[in-house]
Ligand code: SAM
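Encoded as structure tokens, the following chain is the form predicted on its own, with no partner shown.
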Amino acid sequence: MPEIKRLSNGIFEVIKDKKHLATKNLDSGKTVYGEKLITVEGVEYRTWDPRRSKLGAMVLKKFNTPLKEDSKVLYLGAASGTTVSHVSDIVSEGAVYAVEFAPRSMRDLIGLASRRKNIHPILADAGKPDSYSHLVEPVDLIFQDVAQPNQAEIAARNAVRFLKRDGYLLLSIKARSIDTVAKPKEVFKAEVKKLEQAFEPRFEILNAKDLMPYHEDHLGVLAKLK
């Protein structure tokens, strides 16, 4: 018989043969990316692969994930929806505004949103929040996972536009997208400093950890508006 342990709001550890990170499946009987479905006491859970999800890796690295059932989330860099689907599970009564620039990924995202009504796909460049400001309401959390060189600036632009005053930023910084030559630690230090000092609004950094062994040359950051 599988065992279940609650880790935080909407996030669980399911033990069946081994430990699995998991969320309750909002779309019963359906998978998104080949994950396992495990039923415990009549509730269906989807396993969450941290090697395919920066947010999943952050959970296992003991980041606080300030998500509630009714949270409004702006997800920048949604790709085809692997992690977006788990956020959709967690904020089952909320909304996920999923911004993605690649048309091919957007097709997958639209298909996902047709089954999950709390996902709102937006085909746009995350660096240009004015282009989708008419589509997004004020949000409780911004999650960002983009492969652009100005990652701190993109986070700040979106925060000033959409993030509530008591809102949070969860950011995956990709060192190799910013500088292919510099040491990742140097890149991380510079990007965190930008979040703290270079842009308005400024952020208070609550946690920052590398995402190894799940993702090489990535830093996870949890921040709050000052």
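On a predicted model such as this, the values are computed, not experimentally measured, just so you know. Residue indices: 1-based, along the sequence shown.
Not pictured, yet referred to below: the form predicted in complex with the ligand.
*Asks:* Report the stretch among 66 to 74, 50 to 58, 179 to 187, 22 to 30 that approaches the ligand in the model of the complex to within 4.5 Å, counting heavy atoms only.
*Replies:* Among the candidates, contact is made by 50 to 58.
*Asks:* Verify the contact flag for residue 78: yes if a non-hydrogen atom of it lies within 4.5 Å of a non-hydrogen atom of the ligand in the model of the complex, no if not.
*Replies:* Looking in the model of the complex, residue contacts with the ligand include residue 78, since a heavy atom lies within 4.5 Å.
*Asks:* Answer for residue 135 alone: is it within 4.5 Å of the ligand in the model of the complex, judged on heavy atom distances?
*Replies:* Outside the cut-off, so no.
*Asks:* Does the 4.5 Å heavy atom contact test between residue 152 and the ligand in the model of the complex come out positive?
*Replies:* Output for residue 152 is no: heavy atoms all beyond 4.5 Å of the ligand.
*Asks:* Taking the ligand as it sits in the model of the complex, is residue 124 in contact with it (heavy atom to heavy atom, 4.5 Å or less)?
*Replies:* Close contact exists here: in the model of the complex, residue 124 approaches the ligand to within 4.5 Å, heavy atoms only.
*Asks:* Go through 128 to 149 residue by residue and record those having a heavy atom within 4.5 Å of the ligand in the model of the complex; state none if no residue qualifies.
*Replies:* The stretch touches the partner through 145, 146, 148.
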